[in-house]
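First, one chain by itself in structure tokens, the form predicted on its own.
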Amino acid sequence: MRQIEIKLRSRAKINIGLDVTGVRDDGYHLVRMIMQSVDLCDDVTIRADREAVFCDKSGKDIRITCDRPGIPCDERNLAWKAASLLMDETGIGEPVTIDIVKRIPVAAGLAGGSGNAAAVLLGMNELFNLGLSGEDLCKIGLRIGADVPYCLTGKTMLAEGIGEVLTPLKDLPKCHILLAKPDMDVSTAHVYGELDRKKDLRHPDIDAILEAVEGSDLKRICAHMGNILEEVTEKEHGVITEIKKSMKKNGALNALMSGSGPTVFGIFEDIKKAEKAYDAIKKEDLAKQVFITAPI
């Protein structure tokens, strides 16, 4: 008998290193990124319900629910797009319900939406016995967003091309990661657009980070961390600088903005120092959403 429900964890990611190396003719940016998944996650439950009928304006029997107010539960949601693409590609005719419990901050540079989409692709592939390979799912995921192929597997990866060329790396050494999202949202399209206008950019040394990862040298990894998108987001939002300073003052080996921001993460060897930095950021009211997590 076919399984009718599956539940997956959709994990947040951070960028240990992020460089932009060019722009393709179609407007997509070429990147070299070192991606790391963390234990902070959303829960995504997918159900096939043969009796349900809730056809929306698109003609698709897809229903999204989310416990966080303000999250779109229609075709604007990447999880909806993932389900819709799989229906189109494989001919699934049964109604699908997707319930999302959100813990990952939204519009935060943590790939929360991309992770939800990846979970839907993985879950529906299993739920409906589609037999799609990892490569098949990556091709579909790339049509949703550049981070989706990475989110299908997670862990420590080098991402190149527009994010779809993935090379597994050694696991990040044991550490504690503090995430702090200030009370604002950032448009990724705006950040990349502004980056294109800038000259004399300081590119992070991705190769140095790769060497440090290969050597399992946490301090060297942290010493070389860099994100070229800080050239835009951090300069527009000074609170990012303040959060980074607070984390380092309270014991972080280093602190960096993730993705296009505005979330900042700090890497700590000592959990007590991470807790101290957590308390300081809360006390200084630098961010309302603050989490202590770990690489996974």
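Source: prediction; values computed, not measured. A residue's number is simply how far along the shown sequence it sits, counting from 1.
Form predicted together with a small molecule: not shown, discussed below.
Undergrad: Using heavy atoms and a 4.5 Å cut-off, decide whether P173, V213 and K273 all contact the small molecule in the predicted complex.
TA: So, no: the whole triplet misses the small molecule.
Undergrad: Tell me, out of A107, V191, M157, C138, which residue has a non-hydrogen atom within 4.5 angstroms of the small molecule in the predicted complex.
TA: So the residue touching the small molecule in the predicted complex, by this definition, is A107.
Undergrad: Taking the small molecule in the predicted complex as the reference, which of R143, K198, R76, R103 has a non-hydrogen atom within 4.5 Å?
TA: The option sitting close enough to the partner is R76.
Undergrad: Using a 4.5 Å heavy atom cut-off, which stretch among 204 to 212, 127 to 135, 112 to 120, 220 to 228 contacts the small molecule in the predicted complex?
TA: Correct option: 112 to 120.
Undergrad: At 4.5 Å between heavy atoms, is R11 in contact with the small molecule in the predicted complex?
TA: Outside the cut-off, so no.
Undergrad: Can you tell me if I71 lies within 4.5 angstroms of the small molecule in the predicted complex, counting non-hydrogen atoms only?
TA: Yes, I71 lies within 4.5 Å of the small molecule in the predicted complex.
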